[in-house]
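Just the one chain here, laid out as structure tokens, in the form predicted on its own.
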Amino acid sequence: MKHKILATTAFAAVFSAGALSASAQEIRIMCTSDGAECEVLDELTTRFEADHPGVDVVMDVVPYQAVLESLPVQLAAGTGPDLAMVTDLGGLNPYYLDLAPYVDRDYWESSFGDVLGWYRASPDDDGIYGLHMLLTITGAYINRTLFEQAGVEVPGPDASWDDWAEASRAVAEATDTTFPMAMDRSGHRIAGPAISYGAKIFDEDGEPILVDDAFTAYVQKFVDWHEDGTMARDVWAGQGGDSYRDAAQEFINGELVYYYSGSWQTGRFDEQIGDFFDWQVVGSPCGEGGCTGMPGGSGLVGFKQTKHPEIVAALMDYLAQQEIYAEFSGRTRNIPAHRAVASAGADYEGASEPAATALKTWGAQVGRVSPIAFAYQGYRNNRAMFNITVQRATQAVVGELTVEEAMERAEADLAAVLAETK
């Protein structure tokens, strides 16, 4: 590839100038994943090492919570890794290494233009900071076998949340299944449904508001479902603060009819469910605001505190090349953010028929994502807003606050965050 040759030549000049000495130069990657992402990334970095003698890439695999909680502390103290896989894309921007001086900007803009802005500090920022490795979208899975056993028709693509709740309760009752529905304990996860209900998240001037009548209406419905047993209560009520909790294991065990999570679970379900039951991706329910999930995912970023910025940039540029990126997407069974790879289609070699179908369905869902959801994902303070949502909605779920009180607290929380950031 032309760009690869140009990039390699450019970096060779840097390396020959002394950026890479004969002694090993170590760079560390903090990595977390739901599937094989860290394993595949480790294999790809081994190939990079072979092409760059003297470079030693160390992969530190950590729990997701460590990236959320420990990484920001390390970066603030100047003790963080050289690179990391992150989901707080804009929130960690002050620590990012700008790749623009080291890479072919035209290639990166043409390949990843849709998501580069998620990593930037503001609309005026034109830096290149992140390689979006995993494009995700939130939405639901169903246990198709349970629907068939119950003789309940699967709701169509334009079905509402109420339609799905009614169907899931009917299936659970007919099959004696433990939980009709569950949703990951995450402010990101609840955002898509709220936007589908009509929540605007931002005012007419683009300033964040989070809470409006539609947002409150969805939270009220969500709380009601926990009270009447529609939603698996322990997923949200069993955790404190802004701790993350999913319900993947309940779904894998056949204890759950309808699971609202996201595309990143596809590989895990393909591997662990096998032929235990038939499962299916059904996207996001519809409402006044559309049928939207939340886009997102994780990206590889370098940090400006690194002692080896040229090596960090070279590694990220290597992973950004179409052939390498396509291999990563195919082997990890993720939706590609690289335009050319997405257009050509990743080769999901080894995926079962259900997994391959699921990945294609997830890809089709991207076109249904609301512009509000894209804007929310790119907003620099979205992590704080997600955390506010989790904390206050949980207080309403457990009965500590009414929904009205929880939303008033959420508004006050957001005002405090905005005041602090300004």
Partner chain sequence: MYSTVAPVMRIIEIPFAFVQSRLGIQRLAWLFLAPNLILFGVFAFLPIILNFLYALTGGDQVLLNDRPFVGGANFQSLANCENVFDPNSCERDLFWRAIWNSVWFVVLQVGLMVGFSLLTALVLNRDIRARGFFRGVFFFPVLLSPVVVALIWKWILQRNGLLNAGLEVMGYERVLWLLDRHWAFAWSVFLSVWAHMGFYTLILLAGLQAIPRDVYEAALMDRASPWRTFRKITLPLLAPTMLVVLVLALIKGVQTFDEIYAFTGGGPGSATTFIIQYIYQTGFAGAPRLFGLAAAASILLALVLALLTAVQLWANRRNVDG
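The shown structure was predicted, so the numbers you read here are calculated from the model rather than taken from an experiment. Positions refer to the first chain, counted from 1. Basically, rigid core = biggest C-alpha set you can superpose within 1.5 Å across the two forms.
Keep in mind the form predicted together with its partner chain is missing from the figure; the text below concerns it.
Using a 4.5 Å cutoff between non-hydrogen atoms, residue 404 does not count as a contact of its partner chain in the model of the complex. When its partner chain is considered in the model of the complex, residue 303 lies well away from it, no heavy atom lying within 4.5 Å. Residue 234 belongs to the set of residues with a heavy atom inside 4.5 Å of its partner chain in the model of the complex. Among residues of the shown chain, residue 398 is one whose heavy atoms approach its partner chain to within 4.5 Å in the model of the complex. Contact with its partner chain in the model of the complex, defined as a heavy atom within 4.5 Å, holds for exactly one of 52, 28, 368, 383, namely 383. In terms of contact with its partner chain in the model of the complex, the residue from 100, 209, 340, 76 that brings a heavy atom within 4.5 Å is 76.
Figure note: of the listed segments 174-182, 272-280, 187-195, 140-148, the one touching its partner chain in the model of the complex, with heavy atoms no more than 4.5 Å away, is 174-182. Heavy atoms closer than or equal to 4.5 Å to its partner chain in the model of the complex belong, across 32-69, to the residues 68, 69, ordered by sequence position. Core-superposed comparison between this form and the one not shown: the Cα of residue 122 travels less than 2 Å. The two forms, fitted on the rigid core, differ between this form and the one not shown by less than 2 Å at the CA of residue 156.
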